[in-house]
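Given next, in structure tokens, is a single chain: the form predicted alone.
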Amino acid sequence: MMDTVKSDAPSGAQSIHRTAAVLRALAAHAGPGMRLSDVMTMTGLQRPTAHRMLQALILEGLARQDAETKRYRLGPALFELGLAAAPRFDIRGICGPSLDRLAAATEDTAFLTVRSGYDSVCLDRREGSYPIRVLTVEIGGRRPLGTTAGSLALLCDLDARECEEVIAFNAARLTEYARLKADGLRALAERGRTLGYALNDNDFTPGITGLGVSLPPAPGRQPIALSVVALSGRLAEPRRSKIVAMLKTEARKIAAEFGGGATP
């Protein structure tokens, strides 16, 4: 796996990169938690360094260790920091009405996804009224970039070099979240660029299809995507094209709320 730490960075900056890498690793496994060996594998850090950093994060309340399982998880202080940042970056508040409209119009599940390094995070979702609901990602769930419909849209936005960097970094993790390998994800990204939207057509989970559209990039704002996920039979043509048009309309509305940007 690629090392997340920039070896040519100054010592102070390198410590920050290492800390961020450990926190992202813990966030990616928020449910089960992580063993020390898992943190080492995901970050590329040596055992003494990883252990020392985890202990420092625990002292600061940024991480915690389960007394019974000895697994590491994110700490409560991160929640406080998130609350402090929320008023400035109220992505959920701005995007919420669009999710409501998408879920109501499609009767299926609408997701709000943002990029976080090599990963994506589900910030919010809305469930439609269709009796069989597809809830592929929980709110707060972190996945390798490209392994959900929304995050695939974000991967499609990257230039060739950065896209390849992300895929190479996540190659060992792909089968944990989706039924594909690196070459398969490359093909999905290329298909998305050709179509003008991300399409997961039974590629991640049998019987499940997802459509994703990203917002145009804007300075100071995280990359954002909207998606709709449903049983595959519900997202066949011509309904698929109609829902893609809805997603693009809502993406334009959100971009305007944030202060503009080119339309998708």
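Here the structure is a predicted model, which is why all the values come from computation and not from measurement. Take the two forms, superpose them, and find the largest set of C-alpha atoms that agree within 1.5 Å; that set is the rigid core. All residue numbers refer to positions in the sequence shown, first residue = 1.
The same protein has a further form, the form predicted together with the DNA, not shown here; the description that follows concerns it.
Between the DNA and the residues 41, 49, 232, 222, the one pair within 4.5 Å by heavy atoms in the model of the complex involves 49. Of the candidates 36, 218, 208, 27, 36 is the one whose heavy atoms come within 4.5 Å of the DNA in the model of the complex; the others do not. Exactly one of the stretches 93-101, 67-75, 167-175, 136-144 approaches the DNA in the model of the complex with heavy atoms within 4.5 Å, and it is 67-75. Within this chain, residue 13 lines the site of the DNA in the model of the complex, having a heavy atom no more than 4.5 Å away. Residue displacement note: residue 232 has its CA displaced by under 2 Å between the shown form and the other one (rigid core superposed). After superposing the rigid core, the Cα of residue 54 is displaced by 2 Å or more between the shown form and the other one. Superposition on the rigid core between the shown form and the other one places the CA atom of residue 199 less than 2 Å from its counterpart.
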